[in-house]
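Single chain ahead, by itself, as structure tokens, in the form predicted alone.
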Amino acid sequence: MEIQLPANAKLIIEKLRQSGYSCYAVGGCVRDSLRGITPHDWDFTTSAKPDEIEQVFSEYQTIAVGKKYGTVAVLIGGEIFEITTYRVDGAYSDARHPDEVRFSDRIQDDLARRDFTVNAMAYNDEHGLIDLYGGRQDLSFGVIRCVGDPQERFSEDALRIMRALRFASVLGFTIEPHTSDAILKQRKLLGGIASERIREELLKLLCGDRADFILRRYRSVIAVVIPELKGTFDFEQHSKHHNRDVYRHIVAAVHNVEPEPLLRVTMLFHDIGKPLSQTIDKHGVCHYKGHQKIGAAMTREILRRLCMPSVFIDEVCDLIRWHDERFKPDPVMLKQYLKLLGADAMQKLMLVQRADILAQSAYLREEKLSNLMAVSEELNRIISAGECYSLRQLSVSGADLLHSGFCTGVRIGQILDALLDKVIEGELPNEKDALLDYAKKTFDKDA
């Protein structure tokens, strides 16, 4: 397949060529182009040194994003393009960054230092595809293979372990046996990688089509990043509602929910509290009362350690806290939950519960799914009809109560909350006059 370079990519390569330097598009943009996917961004490698790159593009804004390592970013037409000098990396004493780099004038040197064969291809219109390690063949067969010795590649940069798992999950590829063995042998190197970098790879991995296979096959690697999950490995549930151990149930639930980070992270941790909450009754049946609260607390600490945003953490923990709640298609009940959690969280909770049910045994599955569908339909009806379940929808406000002579402060909030409950329960219409009349008759204005 011919690679079509966009206009700005051609401009970059041509300007460097006219100045006496070679330049190629390299890495993921070449890989994606060969797969028939339009790249999100284009990266380049060149024989020009960083100062020379800046000189060639002096008429454009340049940013020395990683000049020490040979990378200069150039802003062209509102797009940022990273251009990196051919280089040979020195030793990696921190298993993440080279202690030093030596610039080169050979594309071969630059491709030799890259992680996987599918990412070690370069292209320009003059020389066509440069593929020294069989990347195109691995791409066609769907294989993730390290360039050179896998153990050496991972010891140089341990984050490549997570990148390999992520690529296999997202691209649907198989990890070549020697590369796979090295991942398992060197997994503990991940302990030295910054949490932010782990987070980004993990989120992408979880949203891949083959996340379930990767989570099962490489669970010992995942346990280095999230050791709390080890407690769920091979932990049998001894319940007619389940035909998998806790970890395999978790993985199945991840697979069954939409590939959105919030939902997939929720499913990864939704039952993490079960091993700590297990009790066994006199019939030998296991119960897990309170596992939701335990799991939410554990998840909060894990996500904080992974430097997830606070809003994201709160949303995930709320979904875990309520994921096992038994809802009924009752409008009053659902409005109370809508008042507590909000419409967005309740709709996500329906998706979480569906994924959870599908990952359970066949026992009562159809009944559970039928009830969940009825609950979802009633929930959506309430939301679509604009029925009142929040203070924002209430026909009276704090200002209305103040104007009617009620005292300021906490009491106003309490009265509004009581009025909302009456509307939700169907005891009062959501009409301003009726609500104010009830408030005047029921609540002491001077309290």
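Numbers follow the displayed sequence, beginning with 1. Since we're looking at a predicted model, the values are computed, not measured.
Here the subject shifts to the form predicted together with ligand ATP, a form of this protein not shown in this document.
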(request) Could you spot which one of 187, 163, 354, 274 gets a heavy atom to within 4.5 Å of ligand ATP in the predicted complex? (result) 163
(message) Quick check on this chain: which one of 255, 248, 114, 242 has a heavy atom within 4.5 Å of ligand ATP in the predicted complex?
(response) 114
(message) When ligand ATP is placed as it is in the predicted complex, are 27, 167 and 197 each within 4.5 Å of it, taking any non-hydrogen atom of the residue?
(response) yes
(request) Specify the contacting stretch among 257 to 265, 225 to 233, 335 to 343, 115 to 123, defined as having any heavy atom within 4.5 Å of ligand ATP in the predicted complex. (result) 115 to 123
(message) With the partner left out here, check for me: in the predicted complex, does some heavy atom of residue 204 sit within 4.5 Å of ligand ATP?
(response) yes
(message) At 4.5 Å between heavy atoms, is residue 403 in contact with ligand ATP in the predicted complex?
(response) no
(request) Spell out, yes or no, whether the shortest heavy atom distance between residue 40 and ligand ATP in the predicted complex is within 4.5 Å. (result) yes
(request) Check whether residue 131 has any heavy atom within 4.5 Å of a heavy atom of ligand ATP in the predicted complex, and answer yes or no. (result) no
